[in-house]
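What follows is a single chain, given as structure tokens, in the form predicted alone.
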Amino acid sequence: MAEKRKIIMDVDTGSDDAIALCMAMLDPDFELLGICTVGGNVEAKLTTDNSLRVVECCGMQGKVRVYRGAERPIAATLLPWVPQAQKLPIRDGTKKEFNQHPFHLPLPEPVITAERKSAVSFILDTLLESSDGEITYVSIGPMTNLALAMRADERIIGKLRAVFCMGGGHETGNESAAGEFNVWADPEAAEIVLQSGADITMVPLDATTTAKFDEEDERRIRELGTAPAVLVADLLKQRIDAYQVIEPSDLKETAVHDALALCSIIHPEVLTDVRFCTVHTDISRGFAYGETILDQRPRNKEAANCRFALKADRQFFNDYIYRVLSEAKDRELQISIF
């Protein structure tokens, strides 16, 4: 049996984060060392609560711990005239006219609680106590926690096997004309991580929007009937409905951005067009604040620092999600029989 891939998940759960968490806990190829939460899709209190709900849904209470992380971006909210200062993070008592991510996932209130140790402390302790190149970091929300940990102790950079992040966009943004949400939410953190020297793979909107799920995929998963499968199906339906509000289309489908980044760790073939190039984040606080910028010029003298995916294999990704949920059901049945 192949050695499990040791990972830390950093999430702003969130609907697609929840699907990625299910995969991280149910795919036997992963060893999930801990879940770090961050303010992003919703505030950190809620991303933490939602993550705990998913842990219980997957039956992993007592096995996987959740650590609450940064509420605010490193610098983006310090100046009152920049967009992030006006919009991030969501605060108690505030409401958006429309939010595609539910404040509370459609699951019972969790019985388990987050750890007292902060996410950044957990990251530092876990990496510093590990062997070099042992742990892969999976960032599928704003990169605030990892950037803070890197600034606190740069020794952790050499400990990392790799960093996989869902974020950025080359030809498109979603939070602004230029910026993808996870990077836009904390551009300075993204730039710190990108320039850290770590082995980085970025799975941006360009790739995630080529590997969508439709209503037939949702029904197929729902028929599995397990609690995690029903949760994934419910979230797919919620996201499909939400996209019809955001971007009305005859095609009723949705991207599941975050889970694609996780899948690509052990199945790199799911990413079908990956460029190894120089990538920066715009932190100039202008119209392109939070944009990821690829420098693919032949004359570029700056070293490449990131594998940046532009396309993905839709069928492979859909089959991966179904297979993990189906095999988890089979294991559950075997346990109940014996």
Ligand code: BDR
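Residues carry their position along the shown sequence, with the first being 1. Note that this is a predicted model, so its numbers are computed, not measured.
Here the subject shifts to the form predicted together with this ligand, a form of this protein not shown in this document.
Peer 1: At 4.5 Å between heavy atoms, only one of the stretches 179-187, 117-125, 156-164, 224-232 reaches this ligand in the predicted bound form; which one is it?
Peer 2: Careful reading of the contacts points to 179-187.
Peer 1: Does the 4.5 Å heavy atom contact test between L205 and this ligand in the predicted bound form come out positive?
Peer 2: So L205 counts as contacting this ligand.
Peer 1: Would you classify Q238 as touching this ligand in the predicted bound form, given a 4.5 Å non-hydrogen atom cut-off?
Peer 2: Flag for Q238 set to no.
Peer 1: Would you classify T48 as touching this ligand in the predicted bound form, given a 4.5 Å non-hydrogen atom cut-off?
Peer 2: Because no heavy atom of T48 falls inside 4.5 Å of this ligand in the predicted bound form, the answer is no.
Peer 1: Give a yes/no on whether L260 approaches this ligand to within 4.5 Å in the predicted bound form, heavy atoms considered.
Peer 2: Contact check for L260: no, nothing within 4.5 Å of this ligand in the predicted bound form.
Peer 1: State the residue from T77, S196, T201, N174 whose non-hydrogen atoms include one within 4.5 Å of this ligand in the predicted bound form.
Peer 2: By the 4.5 Å heavy-atom cutoff, the listed residue in contact is N174.
Peer 1: With the partner left out here, if you bring back this ligand in the predicted bound form, are D12, H101 and I140 all within 4.5 Å of it by some heavy atom?
Peer 2: Answer is yes for this spot.
Peer 1: For the heavy atom contacts within 4.5 Å of this ligand in the predicted bound form, list the residues of 14-33 involved, in sequence order.
Peer 2: Result: D16, D17.
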